[in-house]
Ligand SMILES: Cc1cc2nc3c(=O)[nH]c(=O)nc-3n(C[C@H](O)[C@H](O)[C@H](O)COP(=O)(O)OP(=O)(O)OC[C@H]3O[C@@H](n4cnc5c(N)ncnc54)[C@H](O)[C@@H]3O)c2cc1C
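Coming up is one lone chain in structure tokens, specifically the form predicted alone.
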Amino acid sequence: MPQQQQATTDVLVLGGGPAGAWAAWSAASQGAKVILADKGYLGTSGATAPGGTTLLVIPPVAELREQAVQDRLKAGGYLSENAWIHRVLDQVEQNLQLVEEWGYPFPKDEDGRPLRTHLHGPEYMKIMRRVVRKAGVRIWDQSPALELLHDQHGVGGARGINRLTGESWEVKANAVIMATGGCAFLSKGLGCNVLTGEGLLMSAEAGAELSGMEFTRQYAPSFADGTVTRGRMLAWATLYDAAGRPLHRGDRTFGSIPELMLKGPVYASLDLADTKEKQEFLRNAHPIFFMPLERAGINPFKDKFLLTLRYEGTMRGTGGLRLTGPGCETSVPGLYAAGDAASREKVTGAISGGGAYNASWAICSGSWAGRSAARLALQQPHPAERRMLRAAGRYGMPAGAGTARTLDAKPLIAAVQQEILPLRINYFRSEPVVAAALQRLNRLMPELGGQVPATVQGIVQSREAAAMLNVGRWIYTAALARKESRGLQRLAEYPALDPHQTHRLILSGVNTIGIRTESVPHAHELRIPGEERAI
């Protein structure tokens, strides 16, 4: 692929969701020159931009915060770290104050105090784009990164392609922040079409480790003919079977949906919102939830609508690049990770979710990564422009002459989805079923050696296919190694939490996957229900 655009900078940010935007602003605020390259358009791409998100904001009262930390520690299977949770609670409060100063219209309570518990996606990301530009960041929209540049000193930039012009690009940078989001396997969730895992693959090819990949058994309910996944709305719903018989009603509805779907189609109606006031409240809280239903001529408060479950993978799971320090450093020098591209285990443990901790994590990790990357970049003893950098990309990349067969990305992606999306494989996990799926995924790896079509779409889709295939392999490798049920990890053969597995699983490598354990710093201090002694 001929290079047509070249640049050098201090910090290169890959990804334009909230984490990428905060990382770019934070790095620029430290005096670094920054380029942000986004697969889509900074401000509209990704899962946050078209909808919105709740936030975890707890008043700075010691008792309240300590209770929140202990609740999260328990809910997350004792894999989080108290200090990191406190860091998020402190940092997000500071950042939301900035968002308000930048013009975000937070509602106020009866005493005039701002209620910073929710962000409307379009307004939030419009502000972030404006702030990032004002900070002097060069924004490259529609410019997905394809591979990292590296040498013996670590990562020193990236290469990619402009989807609009077809021009390839290369940026040499003293530090790179991976904020490309998670991998949702093109399962048609709103805003998730760009979340296909290339950031994880690029980083692993350069030697980065991953963690928490087993905690990805995450699905979200959606209207079958829509893409909006807002499961909280179903707290006002009654679930019905195809004959119109009630199956489940009210709070905790989501937990019953996977089991019910094994028996047949499941319909929902928000008939518990039985007053005009309740209905108006719900419409105002999540207006985007109602748009596809109303376009289909459905009154969700009276009519029944068919549900489906959309797999959200590492996006609303926990797994991602392993962090090695408080500045969101990865295991490769010069490479940082933020948002859903990073493992959230230190904060969320074995569970995660869409808003609250995840949304606050994107804000905080972006800020920390940007600050740390700028510090490294401005003090770098080996400036990137003087280094003999080489491309790290290997899988699903344009191959040299002599490769006869073509890499056909669409059927390869479909084959990966057949192993990842079904509930019977990935939600109701069991050793023989997951192991068989992993074997089938492994057998697809030679397909990545085919000749990549010489079109922008062919190049981008080939890399997406390679990323989804390998993210799936990492997920199932980790799932089989954790022989217990903890948080988002479940194995039918091991239905209980095993206190002796209170550790993290660290993966490395692509073609050959290595796996090891990493102890949780405070594990020896914990007394976990069901154990006889402190571990």
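All figures in this text were calculated on a predicted structure; none of them were measured in a lab. Sequential numbering from 1, following the sequence displayed.
What comes next is about the form predicted in complex with the named molecule, which does not appear here.
Asks: Given the named molecule superposed in from its position in the predicted bound form using nearby C-alphas, should this pocket be scored open or blocked (3 or more ligand atoms within 2.4 Å of backbone or C-beta)?
Replies: Blocked: 3+ ligand atoms clash with backbone or C-beta.
Asks: The named molecule is absent from this chain, but in the predicted bound form, do G320, L441 and R473 each have a non-hydrogen atom within 4.5 Å of it?
Replies: None of them does, since no heavy atom lies within 4.5 Å of the partner.
Asks: Let me know the one among S29, Q501, S485, T53 whose heavy atoms come within 4.5 Å of the named molecule in the predicted bound form, would you?
Replies: If I apply the 4.5 Å criterion carefully, the residue I get is T53.
Asks: Which residue, P144, P300, G334, G77, is the contact with the named molecule in the predicted bound form, using a 4.5 Å heavy atom cutoff?
Replies: The residue from P144, P300, G334, G77 that makes the contact is P144.
Asks: So which stretch, 62-70, 43-51, 490-498, 505-513, is the one near the named molecule in the predicted bound form (non-hydrogen atoms, 4.5 Å)?
Replies: Looking at the other structure, the answer is 43-51.
Asks: Test of understanding: in the predicted bound form, would A19 fall inside 4.5 Å of the named molecule by heavy atoms?
Replies: Heavy-atom contact with the named molecule at 4.5 Å: present for A19.
Asks: Does the named molecule get within 4.5 angstroms of any non-hydrogen atom of E214 in the predicted bound form?
Replies: Result no; E214 lies far from the named molecule in the predicted bound form.
Asks: Contact with the named molecule in the predicted bound form for A356, defined as at least one heavy atom pair within 4.5 Å: yes or no?
Replies: A356 belongs to the contact set for the named molecule.
Asks: Check L469 for me: does it contact the named molecule in the predicted bound form (non-hydrogen atoms, 4.5 angstroms)?
Replies: Outside the cut-off, so no.
Asks: Listed by sequence position, which residues of 19-39 have a non-hydrogen atom within 4.5 angstroms of the named molecule in the predicted bound form?
Replies: Result: A19, G20, A37, D38, K39.
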